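For reference, the chain that follows is the form predicted on its own, supplied as structure tokens.
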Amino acid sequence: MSVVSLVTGAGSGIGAATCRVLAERGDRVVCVDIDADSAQRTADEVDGSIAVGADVTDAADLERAVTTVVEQLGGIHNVVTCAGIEIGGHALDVEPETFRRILDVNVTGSFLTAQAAARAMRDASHGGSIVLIGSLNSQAALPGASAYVASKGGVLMLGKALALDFAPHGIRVNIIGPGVTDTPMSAATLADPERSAIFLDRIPLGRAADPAEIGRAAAFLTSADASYITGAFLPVDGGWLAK
């Protein structure tokens, strides 16, 4: 049976790039996105993949998606949780609904995805690997980003806790911390010379990441080469956190 890898947030950015990277190494890729049309567009570009529309904040939606994958492809071996949102705002002004929404997608969504997939891995008794997409903001705060920083800090500790709970079932869980990455989410910042310079000046490598560079980190952590790595945080940030 082929290795099956499920990627959330597959419609664009890091998620779409991760789908392509995993497919290039031979995985059957399941492209999951709340926007089913976007998921399908990515799947159309990736050989041997399928698209599933699902909301990562809806447990029933994810259980349905996982059941569909198991029935169609025979199981799930790897998961990469790329679905996420970022909404800035000064902490004095952020609306409670906005704060809750960011935590719901970034933290609860990561948890529900990992939980649904891990149950399938446990039931199949073959173990697996789960990679949560955190951020450099899992460890370093920025002004005007209290909700996002809180959510990504939560993703980091969630991943560590899941690594402990899932280890007896042979399921590894690790966290990637992308830095500034050239995605639609960052497009406005990177297109603004003044704002872009503020960020790029803080990166020792002096550039934003290509989304595929994050995807390749996920490919490593879901590979046999990382078979003894679990509960780890891997910054892919051009050196930002080294300062």
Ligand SMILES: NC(=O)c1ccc[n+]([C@@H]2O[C@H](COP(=O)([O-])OP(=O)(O)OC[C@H]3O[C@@H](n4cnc5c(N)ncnc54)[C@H](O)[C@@H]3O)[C@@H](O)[C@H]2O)c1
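Keep in mind it's a predicted model, so treat the numbers as computed, not measured. Just count from 1 along the sequence shown to find any residue number.
Keep in mind that the form predicted together with this ligand is not shown, yet the notes after this line are about it.
- Looking at Ile85, you'd find a heavy atom of it within 4.5 angstroms of this ligand in the predicted bound form.
- In the predicted bound form, this ligand sits within 4.5 Å of a heavy atom belonging to Ile133.
- Although the partner is absent here, Gly179 sits close enough that one of its heavy atoms falls within 4.5 Å of this ligand in the predicted bound form.
- By the criterion of a heavy atom within 4.5 Å, Ser196 is excluded from the residues contacting this ligand in the predicted bound form.
- Although the partner is absent from the chain shown here, Ile14, Asp35 and Pro184 each have a heavy atom within 4.5 Å of this ligand in the predicted bound form.
- Out of the listed residues Val30, Val56, Ala218, Val66, Val56 is the one that sits within 4.5 Å of this ligand in the predicted bound form by at least one heavy atom.
- Think of it this way: in the predicted bound form, this ligand has a heavy atom of just one of Val149, Ala163, Leu73, Val105 within 4.5 Å, and the residue is Val105.
- Only one segment in the set 92-100, 134-142, 166-174, 118-126 has any non-hydrogen atom within 4.5 angstroms of this ligand in the predicted bound form, and it is 134-142.
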